[in-house]
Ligand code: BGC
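Just one chain follows, in the form predicted alone, and it is written as structure tokens.
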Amino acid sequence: MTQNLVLGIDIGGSGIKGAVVDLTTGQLVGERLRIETPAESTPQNVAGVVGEIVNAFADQIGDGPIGLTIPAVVTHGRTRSAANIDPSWIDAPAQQIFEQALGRGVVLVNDADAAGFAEVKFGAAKDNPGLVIVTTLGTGIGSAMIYRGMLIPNSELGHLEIDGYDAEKRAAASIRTKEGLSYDEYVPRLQRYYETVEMLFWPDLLVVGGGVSKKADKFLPKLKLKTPIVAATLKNEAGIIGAAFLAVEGAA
């Protein structure tokens, strides 16, 4: 056990995943542990599962803070929204609930922020000196903005209004599946989304994550943007890695 080993836990709508991260390499130390998210995913029930994961890794992490991601806007330890988890998370003092349940320090962050931060530290945007915007195309569109290595939290760029629509209602990967769109039919929607993000923020790099990024060769080369756009590289480990790093930064 060293101070370089930190537990990151990624809370999702279907599963809660945790692993110890070596902060010097950005690699997971050993296997990750995944437990199903409780059907009634209230803060107390989720905290119980998180406690099981913490106990499983207790011998490796000492008494330092742990990092938790959650699919919600997080401000000052409170969850302000709830995506694919129980509505009782809305305006809940979530960080306090976790700390009381676990008996240790917790840093709670939005899931897309954690994944995006990890991509800048160790993934597709490593060493980029400017503004990086990471988007995750999944059930909705998550986003993270990192400027010169500093996270600008809770950007929620999936909810930009574009052509009268909430952006993720047109361009999320789940919509492509639901409407049976081919990648050629999907590309114009992504083009409209990313050109709007580009016009508003002028990033130095765009990174696309989410499950659909495994098929990035089918759509990224067809997008016509001024900004370089690349696929994320850390896949399902990004949230865990980002949570671990942000635990240390947030507790400093």
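Given the structure is predicted, the values throughout are model-derived calculations rather than measurements. In this text, residue numbers run from 1 along the sequence as written.
The same protein also has a form predicted in complex with the ligand, omitted here; what follows describes it.
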property	result
Interface segment, criterion being heavy atoms within 4.5 Å of the ligand in the predicted bound form, picked from 122 to 130, 76 to 84, 90 to 98, 145 to 153	76 to 84
The ligand contact at L108 in the predicted bound form, heavy atom, 4.5 Å	no
Contact flag, A167 vs the ligand in the predicted bound form, heavy atom cut 4.5 Å	no
Contact flag, A171 vs the ligand in the predicted bound form, heavy atom cut 4.5 Å	no
K178: touches the ligand in the predicted bound form, heavy atom cutoff 4.5 angstroms	no
Heavy atom within 4.5 Å of the ligand in the predicted bound form - qualifying residues of 112 to 147	A112, T136, G140, I141, G142
